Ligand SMILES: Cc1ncc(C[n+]2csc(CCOP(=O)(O)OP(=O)(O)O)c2C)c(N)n1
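Below sits a lone chain in structure tokens, taken as the form predicted alone.
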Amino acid sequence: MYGLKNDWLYEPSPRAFVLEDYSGAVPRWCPGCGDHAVLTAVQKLCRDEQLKPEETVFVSGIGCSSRFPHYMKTYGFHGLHGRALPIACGVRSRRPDLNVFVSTGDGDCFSIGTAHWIHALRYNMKMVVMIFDNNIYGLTKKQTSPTTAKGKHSNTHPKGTFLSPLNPITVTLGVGNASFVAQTVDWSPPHLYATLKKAFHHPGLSFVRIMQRCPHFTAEVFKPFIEDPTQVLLMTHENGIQVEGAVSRVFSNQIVHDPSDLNQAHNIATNLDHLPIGLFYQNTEAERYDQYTINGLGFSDDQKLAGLQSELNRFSI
């Protein structure tokens, strides 16, 4: 328009995000629940990486851990029991521009969601999958979960569980195309944060199992590891999870493990003498299904209609 200066066009101001920009509803987890530590670590990660809230989404299933999206001031999808991963894969396939996080639990993922867990690992779409493993069904009040220890009393096994627990790490390592497998603990905030940060920067699906305290139903499960840190085995390597010296000194029982060594990762995961934490395995060159699903995202409406018509014409007689 005549007389209108084009240098008056609006330029958005640079944005700097603080922790409060990621704080949603007030958490309703029990006092002392390990979920609080994970929430703090994730909010800190979002701030440090300056993730735009409108470009970040948290997907969950059902359980105490799956209330996570309610407590983040980002986009969120609270899905059905065991269905967090297919929802997250759908989000990633259609919105590759978003930062995708998944929060799920040992019951939600390893029981009703088992098939989705296996195939999501195989698809290797870029996202951070956080497994809150407290060895019990918490939200539904103390039923045996796939990771409940043998002999543990629960509402479904009042005389004690009969079977040994599932080992999620060995299962995950055995899935073809799994590309990032790590384990951490909620009572070591520095290691927890460092693990999630490493997971976020991985080009693929990052599987992070978090040993998470439930003060109400499984208060005794992780107590030996907290009181005696020598029962925890810290995996160290220049390509692994990097922690400061003070954290390293807490966990004096250490092993140098190259995360590209799948065989050693299996050996460490199957040895139940200690609780291993760190990066078991990473392969940055693994295939990613989300690099195929982006095809067609830029099509116009006419192109989409033409493609649909072309497919329908195949059935013409």
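Not measured: the values here are computed from a predicted model. Numbering starts at 1 and follows the sequence shown.
One more form of this protein exists, namely the form predicted in complex with the named molecule; it is left out here, but the text below deals with it.
- When the named molecule is considered in the model of the complex, only one residue from His116, His81, Lys197, Lys152 comes within 4.5 Å through any heavy atom, namely His81.
- This chain lacks the partner; the member of Asn239, Thr156, Thr140, Ser164 within 4.5 angstroms of the named molecule in the model of the complex by a non-hydrogen atom is Thr140.
- In short, of 103-111, 223-231, 168-176, 239-247 it is 103-111 that has heavy atoms within 4.5 Å of the named molecule in the model of the complex.
- Interface residue remark: Val128 is not counted as part of the site for the named molecule in the model of the complex, having no heavy atom within 4.5 Å.
- Within 4.5 Å of any heavy atom of the named molecule in the model of the complex lies no heavy atom of Met211.
- When the named molecule is considered in the model of the complex, Ser65 lines it closely, a heavy atom lying within 4.5 Å.
- The shortest heavy atom separation between Leu121 and the named molecule in the model of the complex exceeds 4.5 Å.
- Residues are counted as partner-facing when one of their heavy atoms sits within 4.5 Å of the named molecule in the model of the complex; in 117-137 these are Asn134, Ile136, Tyr137, in sequence order.
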